[in-house]
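Only one chain is included here, represented as structure tokens and corresponding to the form predicted alone.
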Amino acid sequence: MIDLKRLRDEPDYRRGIERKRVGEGLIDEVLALDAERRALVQEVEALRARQNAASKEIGKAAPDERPVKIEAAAALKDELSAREKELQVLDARLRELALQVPNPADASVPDGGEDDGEVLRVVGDTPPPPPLDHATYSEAMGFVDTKHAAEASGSRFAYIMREGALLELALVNYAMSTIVRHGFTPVVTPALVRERTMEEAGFFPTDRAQVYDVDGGELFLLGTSEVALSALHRAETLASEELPARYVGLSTCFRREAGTYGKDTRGIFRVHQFDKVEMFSFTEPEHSVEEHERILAIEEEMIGALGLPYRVTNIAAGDLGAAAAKKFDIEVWLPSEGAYREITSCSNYTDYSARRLGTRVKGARGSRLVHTLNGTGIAVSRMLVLLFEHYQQADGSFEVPDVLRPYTGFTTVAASSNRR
């Protein structure tokens, strides 16, 4: 949630929000409600003080004066009660609108939308397309079965089969072991969370259309484990020596992919269910920029070790999610498309989620909201797509990347016309 005081007092803070292309009039409406609320709070406090004074006068009054004093105190009580109810309604409306206001984009983020990100660096040479694209190849090798998955569950689901399943587990184990080596605590998170948890993590209300709900909206399936990880320190005040607190979560993730009709319909690049390893950090505010670069470096280390050509992009303000003040995407070359495709991202949410979560740090500088950050370790289905193209051999066989071989137990998978 945004800082209303900063929104009132700091033009650059407002400008950072406007760069995200928020709904017309939303900021002004929030500010108007905030001003109305602050005025009503003053009125309520004044009425409360008058009521307290009137109660004291009753005890001091002569017997014949008490009925008048009691009547006056009762009138004040009724007036106060009415104003407090007005304040409750106003508080709810202000909160509803304030939750829709995104975190301001950082000054180092470029202006613009989806096509305006700043490419920071390009690593590796881009190979030509392989004999078969990822969808055709994975089905031919028996790694992926979308036909029977569609019969069982519908479109955008898949069975990961045979060596493909072992490759999936290898990717998870490789990512977890690498990230744990960098000082992150491993966590297997719940796959279902409350609505409150989604809201406090910064996903609701803006991303609600992407999330599956169950039990009539009592619980929601995770779209990423960062939601569950954010709640590990909900409503807690941490000591400065406890930070940074770093976690790496493993979860199966679920996304509706609303608004993506016709996009990536073949293969498993864009599916409703996938496994993902996710990094999450709680830091002191002055260290979040450094932590952001640290998470990005770990992502680059893993993708580089897998031998994949990639580029790093500083995402433009209009393409940032509601919670992110800044986001780096790593986009890997997909040969069959002749294009870079996003495979990991890492975001600095600054104090946006922490304000909702009530997560603070107490140290020499007093009690302050922490900053939270997250970054993809491995989004398995997308990584498999890339491996199917980059490690597909001319004879149709598949070669396992060196870093995954300790986890798979095999180095190659021979081509076969009858693998089913």
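Quantities reported herein were computed from a predicted structural model and do not represent experimental measurements. Between two forms, the rigid core is defined as the largest C-alpha subset superposing within 1.5 Å. Numbering starts at 1 and runs along the sequence shown.
Quick note: we don't show the form predicted in complex with the RNA, though the next part is all about it.
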Discussion item. If contact means a heavy atom within 4.5 Å, which one of 375-383, 48-56, 22-30, 391-399 is the stretch that engages the RNA in the predicted bound form?
Written reply: 48-56
Item to complete: Check each of V180, A74, L169, V119 and return the one that places a heavy atom within 4.5 angstroms of the RNA in the predicted bound form.
Response: A74
Worksheet, complete the sentence: Contact with the RNA in the predicted bound form, heavy atom within 4.5 Å, among Q88, Q100, T252, T260 goes to Q88
Item to complete: Flag R360 as yes or no: does it have a non-hydrogen atom within 4.5 angstroms of any non-hydrogen atom of the RNA in the predicted bound form?
Response: yes
Worksheet item: V68 near the RNA in the predicted bound form, any heavy atom under 4.5 Å?
Response: no
Worksheet item: Heavy atoms within 4.5 Å of the RNA in the predicted bound form: does R194 have any?
Response: yes
Response to the item:
Contact check, 311-325 vs the RNA in the predicted bound form, heavy atom within 4.5 Å, ordered by sequence, gives none
Fill in: Shift of E36 between the shown form and the other one at or above 2 Å (CA, core fit)
no
Item to complete: Look at P63 and decide if its Cα position differs by 2 Å or more between the shown form and the other one after superposing on the rigid core.
Response: yes
